[in-house]
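Take a look at this one chain, the form predicted alone, written out in structure tokens.
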């Protein structure tokens, strides 16, 4: 059994429900562009970052939650009024954040394994 729980969600409402259902837990969220039926994302940076983030996932704190959230199709994401940008203040994908804290890695920062590990291991 792994030391953390992984949850896969699609869209803002599912993300909010996943967070609400796990209130009080240490939550890390990774936001990525939607994938097609073949598992390919429209977001090239997301494709590049995902194996790096997944490579560091074993460093997640025990009892924590890792939420993998697909933000939608490219046209939805590009809308400046989408819920992710308006409410969560996301500026780009991929984004890895520690929910409820200012800790956030955006776009190319997610390519750096040492930064991802630091987010997973530091309080």
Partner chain sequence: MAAFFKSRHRWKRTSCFPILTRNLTGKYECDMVVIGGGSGGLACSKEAAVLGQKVAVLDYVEPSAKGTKWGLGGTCVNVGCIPKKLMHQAALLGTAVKDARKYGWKIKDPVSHDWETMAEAVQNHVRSLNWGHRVQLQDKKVKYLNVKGSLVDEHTVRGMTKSGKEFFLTAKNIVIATGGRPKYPTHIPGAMEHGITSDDIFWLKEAPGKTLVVGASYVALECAGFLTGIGQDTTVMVRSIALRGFDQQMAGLVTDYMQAYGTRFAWGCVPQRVDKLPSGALQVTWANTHTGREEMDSFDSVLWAMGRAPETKALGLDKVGVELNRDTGKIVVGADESTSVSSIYAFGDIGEGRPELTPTAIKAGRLLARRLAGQSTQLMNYDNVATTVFTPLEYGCVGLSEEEAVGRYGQDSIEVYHAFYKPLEFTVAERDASQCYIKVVCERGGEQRILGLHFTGPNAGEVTQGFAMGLRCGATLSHLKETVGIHPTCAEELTKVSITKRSGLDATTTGC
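Residue numbers count along the first chain shown, from 1. Everything numeric in this text was worked out from a predicted model, so none of it was measured.
As for the form predicted in complex with its partner chain, it is not shown, yet the points below apply to it.
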> Are any of the heavy atoms in residue 20 no more than 4.5 Å from a heavy atom of its partner chain in the model of the complex?
Replying inline: no
> Should residue 7 be counted as a contact of its partner chain in the model of the complex, where contact means heavy atoms within 4.5 Å?
Replying inline: no
> Is residue 104 a contact residue for its partner chain in the model of the complex, using a 4.5 Å heavy atom cut-off?
Replying inline: yes
>> Does any part of residue 109 reach within 4.5 Å of its partner chain in the model of the complex? Heavy atoms only, please.
In response: yes
